[in-house]
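Alright, here's a single protein chain in two forms, structure 1 and structure 2, each given by itself as structure tokens.
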Structure 1
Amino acid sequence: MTLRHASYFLLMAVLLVLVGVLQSWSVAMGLLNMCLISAILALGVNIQWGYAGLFSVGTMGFVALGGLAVVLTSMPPVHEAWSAGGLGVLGGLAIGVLAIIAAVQVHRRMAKGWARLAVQAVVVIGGFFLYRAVLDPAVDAIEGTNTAVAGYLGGAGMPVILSWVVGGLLAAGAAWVIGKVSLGLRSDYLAIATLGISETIVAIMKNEDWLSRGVRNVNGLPRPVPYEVNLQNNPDFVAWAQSFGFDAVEGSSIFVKACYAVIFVVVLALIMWLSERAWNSPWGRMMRAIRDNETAAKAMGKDVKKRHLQVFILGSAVCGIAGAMLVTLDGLLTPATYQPLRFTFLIWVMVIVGGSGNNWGAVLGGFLIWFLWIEVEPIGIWAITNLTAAMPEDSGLRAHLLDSAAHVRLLTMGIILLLVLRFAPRGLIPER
């Protein structure tokens, strides 16, 4: 990384400090935490696109699975729901898995022909109806138990940090299944397939209340850092915060966010170190060779589809970890908030602006784009307010401009993307 590239990160640090000085340090620390998570998401997409040229737009689905992992791993089990229908759900899922396995075995062991198709149809259709016959009554019983605060099975009650690992594994498992089906497709069809599958994942989370409470959300998720209320009731902490010029409320907020930042920096540094090791290894050189010329790589005996599956799983796992971190930071799971604009296309802008094929560029893009995504709106409101200060209070034009300030962030993202593609098409920190 050159001195100019290092200056970009120094500029980001200055911008975050300015937010602390001009707005508040609590806002600045919250912004830093989201920049760190965005950098990890950008690294995950960069592994898929920058390493192997896989144009996947299913990032939203893997982020959502990471968030779901926090609920399944860290929330305490709802014993009333388990008594009502827990065994029925497990039995129904087991029947579904066995039906899929049986259909695969029929496909492998029987000779090609109408007989095989008929047996497969009987296995799949019969297995589906049996699966629904066992699952549906159990789901109805679970979702009918104390729906105001429960109505779902809960989780395993394990430490929340462990759920970040589970989030990565859950996303990796889903990526293996998706990759087996989709990676043989051409790049544009791969994008369509992954986007559709990610929407399916989110739709399941929205509608299967027994799994994630659906649109009723899951709140009160455990956290790996202290609670602000406990800090505010601690006289020693209050005295310590006041020694820095903060009251108990602001001091506790800054301290908690700083604790999150330390954990997130450790995770980002670990993923960055592993990514750099992989990038500079023989495996990384092989992936770049496959990316640049698949035909030549196949001629050299490389199993391109297998390598694509590897890198697709790795990138998805990183996105799953980031999704679990995000839900832990928020303290709640809200399936309705998973939108392609936020959790797929904005991440792609980060990678493109930062520099695809360069891990440092992906991190820079994550910081820069998320900072602008958040700060451009208040800056736009401030600028429009000052520019229209001379207009009458009842001016329709002034009201229209102020109402439109919320859309400045979308305009800014488009302008930045156009400028980067025109003047730095390989990104701010391009691949060497």
Structure 2
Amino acid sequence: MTLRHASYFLLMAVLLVLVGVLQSWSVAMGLLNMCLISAILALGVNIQWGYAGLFSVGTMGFVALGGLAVVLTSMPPVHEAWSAGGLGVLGGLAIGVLAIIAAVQVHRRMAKGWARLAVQAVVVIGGFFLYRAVLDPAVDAIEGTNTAVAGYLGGAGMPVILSWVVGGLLAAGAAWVIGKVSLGLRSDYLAIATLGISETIVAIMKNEDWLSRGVRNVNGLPRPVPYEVNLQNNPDFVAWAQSFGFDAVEGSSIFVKACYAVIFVVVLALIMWLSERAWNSPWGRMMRAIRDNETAAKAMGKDVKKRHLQVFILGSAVCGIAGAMLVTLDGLLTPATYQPLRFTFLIWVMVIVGGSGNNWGAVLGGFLIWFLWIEVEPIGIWAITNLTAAMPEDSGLRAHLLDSAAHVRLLTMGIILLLVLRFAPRGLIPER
């Protein structure tokens, strides 16, 4: 990293401090936490795109799976629901998986022809109806149990930090399946396929209420850090906060956010260290070789498809971890908030702007773009107010422009992406 690149990070720090001074420290810390998570997400995408040149736009799906993992890991199990239909759900899912495995086996073992197609069709369709027959009543039973607060199976009741690992594993597992299916496709086809699959994952989370309450959301997820209320009631803490000049409420809020920030920094540093190691290892060189010239790498005897699968799984796992961290920070899982613009395309902008193929670049992109995503709106309002100050108070155009200020966000992101692609296609911190 050169001096110039270090100065970018310094500038970022100054920007955050400025927010702390001008708006409030609580806002600045909140921004910092989201920047850290965005940086991890950008690292995940960078592993797929920067290392291996995979154009996967399914990031949102893996982030959502990470979020799901938090519920499945950390919420206490709902015993009532388990006794109502737990076995039925597990049985149904097992039937579904078995049917797919059977269909794949038929495909492998039988000779090509109409007979194979017929047997496959019978296995798949029969399996589907059997699956629905076992699953549906169990799901109805579970969703009937006290829907206002439960109506789902609950989780394993384990510490919430553990869910970050589970989130990574869950995303990796899904990536294995998706990769098996779609990695053979050409670049743009892969993009469309992953886009569709990520939408499907979110649709499942929205509609399968027995899993994570669907759109009813799961509130009150456990936290790895103390609750503000408890801190405020702790005289030692209050005295300690006051020694820094904060009152109890503000102090506790900042303290909690700082705790999160520390944990996030540790995770980010760990992933960063591993990514850098991988990049500089023979494995990393091989990935770049495949990325830059697939045919040559194949001729050298490299198993391109297998390597692609590997790197796809790794990148997705990182996105899953970030997704779990995000939900832990929010304290609730709301599947409806997963939108492709916000959780897929915005991350891509981070990677491209920061510098694809450079981990430091991805981190910087994560920080910078998230900062702009949040702060462009107030800046836009400020700019429009000043630009239209000459217009009369009741001008229709002025009111319209002020109302539309929120959309400046999308416009700015697009323009930044286009400018970077054209004039600095290698990003702010280019690949070495």
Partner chain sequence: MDFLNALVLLGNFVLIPAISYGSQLALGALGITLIYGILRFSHFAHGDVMAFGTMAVILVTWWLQGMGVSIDPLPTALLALPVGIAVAAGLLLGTDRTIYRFYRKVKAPPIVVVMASLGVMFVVNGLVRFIIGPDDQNFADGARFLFTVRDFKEATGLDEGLGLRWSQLITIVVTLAVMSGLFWFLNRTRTGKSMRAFSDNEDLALLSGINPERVVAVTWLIVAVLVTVAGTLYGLDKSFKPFTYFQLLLPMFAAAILGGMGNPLGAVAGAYIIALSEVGVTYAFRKFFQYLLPESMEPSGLMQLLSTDYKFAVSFVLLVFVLLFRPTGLFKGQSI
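All figures in this text were calculated on a predicted structure; none of them were measured in a lab. Counting starts at 1 and follows the sequence of structure 1. Here, rigid core means the biggest group of C-alpha atoms that superpose within 1.5 Å across both forms.
Here the form predicted together with the partner chain appears as structure 2, and structure 1 shows the other form of the same chain. Superposed on the core, the two forms differ at residue 382: its CA moves 2 Å or more between structure 1 and structure 2. After superposing the rigid core, the C-alpha of residue 421 moves by 2 Å or more between structure 1 and structure 2.
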